[in-house]
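Let's start with one chain on its own, the form predicted on its own, as structure tokens.
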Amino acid sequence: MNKQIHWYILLFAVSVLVQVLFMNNLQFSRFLNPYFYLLFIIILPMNIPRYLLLLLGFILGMTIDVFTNTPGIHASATVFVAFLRPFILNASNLDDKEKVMCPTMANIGFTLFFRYAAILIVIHHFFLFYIEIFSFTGFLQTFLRSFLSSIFTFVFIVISQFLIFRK
């Protein structure tokens, strides 16, 4: 158990550092903003208590907010995703054996991971970008930005699964 806690602390630090030092500087036009830090929420254990999941989502979002000077936008988006995560996992029809492990591509397979991660990423990005603009003016432009950034983020998260979490 102690080893897992160290692993998640390291994953938290690495995902924040990758986001702040690299991904925030990878803006292509105005439409592609990768948010790699979502990997931390995505691969937390499935049996984590909900209060801890929400707390970790808030801490992760506030950490990103501090580094990007955004007042609570990332925190609200990550808490929203952390709130919806158990419902999305339950809808994924995983059996009891799989529910005790981390939902990585190596543990649950590509198809389940694809659906699960894609849903969380799309929800996060649409919530984040519409809260950021807080208006329906430019609705289609924000929709396009959310959709393209979701694809871009998903590609980076899948690449990380092949590099880090392979069996």
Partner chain sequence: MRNLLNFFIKYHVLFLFLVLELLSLTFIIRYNNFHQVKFLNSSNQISGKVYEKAQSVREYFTLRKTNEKLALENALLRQSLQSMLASDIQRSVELNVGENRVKAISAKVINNSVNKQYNYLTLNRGSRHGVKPEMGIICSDGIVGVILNVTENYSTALSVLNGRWSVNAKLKSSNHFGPLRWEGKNPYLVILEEIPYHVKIADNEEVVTSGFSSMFPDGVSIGHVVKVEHREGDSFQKAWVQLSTDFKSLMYVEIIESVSKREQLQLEKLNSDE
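Being a predicted model, the structure only gives us computed values, none of them experimental. Residue numbers count along the first chain shown, from 1.
Keep in mind the form predicted together with the partner chain is missing from the figure; the text below concerns it.
Within 4.5 Å of the partner chain in the predicted bound form, a heavy atom is found for all three of Leu21, Val66 and Phe80. For the chain shown alone, Thr70 is a contact residue for the partner chain in the predicted bound form, at least one non-hydrogen atom being within 4.5 angstroms. In the predicted bound form, the partner chain lies within 4.5 Å of some heavy atom of Ile131. Among residues of the shown chain, Arg115 is not one whose heavy atoms approach the partner chain to within 4.5 Å in the predicted bound form. Taking the partner from the other structure, the partner chain in the predicted bound form has no heavy atom within 4.5 Å of any heavy atom of Ser92. Listed stretches are 36-44, 51-59, 102-110, 118-126; the contact stretch with the partner chain in the predicted bound form is 51-59, by a heavy atom cutoff of 4.5 Å. The partner is absent here; in the predicted bound form, the one residue of Leu17, Leu144, Val155, Leu10 having a heavy atom within 4.5 Å of the partner chain is Leu17.
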